[in-house]
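Okay, here we've got a single chain as structure tokens, the form predicted on its own, with questions on binding and movement later.
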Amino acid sequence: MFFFTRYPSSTLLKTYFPDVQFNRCITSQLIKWFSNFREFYYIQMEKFARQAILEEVTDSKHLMVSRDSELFRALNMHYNKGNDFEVPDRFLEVASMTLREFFSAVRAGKDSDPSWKKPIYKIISKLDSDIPDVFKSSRCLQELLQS
């Protein structure tokens, strides 16, 4: 799901996990997992943005996340260890935008402000896309592996 949405609401989570009996604790735990997923994502983005600056990249337009990039491999290995899911192209677009936002902010020296990442989070939170209906099924993994 993280490839489609980085900021799921509790209602969205309940829709896509029909076999889970939700209570406050379980809902809180799922939201915490997504928070941890986002944290890893943003840590990687900042790391690769800073690396690009060290490599003297001067224009954020040159920063793209492709299926053969090191950044994609790190993210895919973290979220999709078994390579069970085809990562949607939209995720690559969002990851590229995120990387460029981090690069531009660091390059402009905005990282000296303790809350410098908040504007980036606001941009990225609006880029979530629809989750395919197949994820609503309790047999999701089996269905995805067959297709």
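Because the structure is a prediction, the values reported are computed rather than measured. Each residue number is its position in the shown sequence, starting from 1.
The following text describes the form predicted in complex with the DNA, which does not appear among the structures shown.
I31 belongs to the set of residues with a heavy atom inside 4.5 Å of the DNA in the predicted bound form.
Of the heavy atoms in R38, some are within 4.5 Å of the DNA in the predicted bound form. The DNA is not shown here, and in the predicted bound form it never comes within 4.5 Å of any heavy atom of K61. Shown alone here, S10 lies within 4.5 Å of the DNA in the predicted bound form, counting heavy atoms only.
Within 4.5 Å of the DNA in the predicted bound form, a heavy atom is found for every one of R24, T27 and K118. Of the candidate stretches 105-113, 38-46, 66-74, 52-60, only 38-46 contains residues with a heavy atom within 4.5 Å of the DNA in the predicted bound form.
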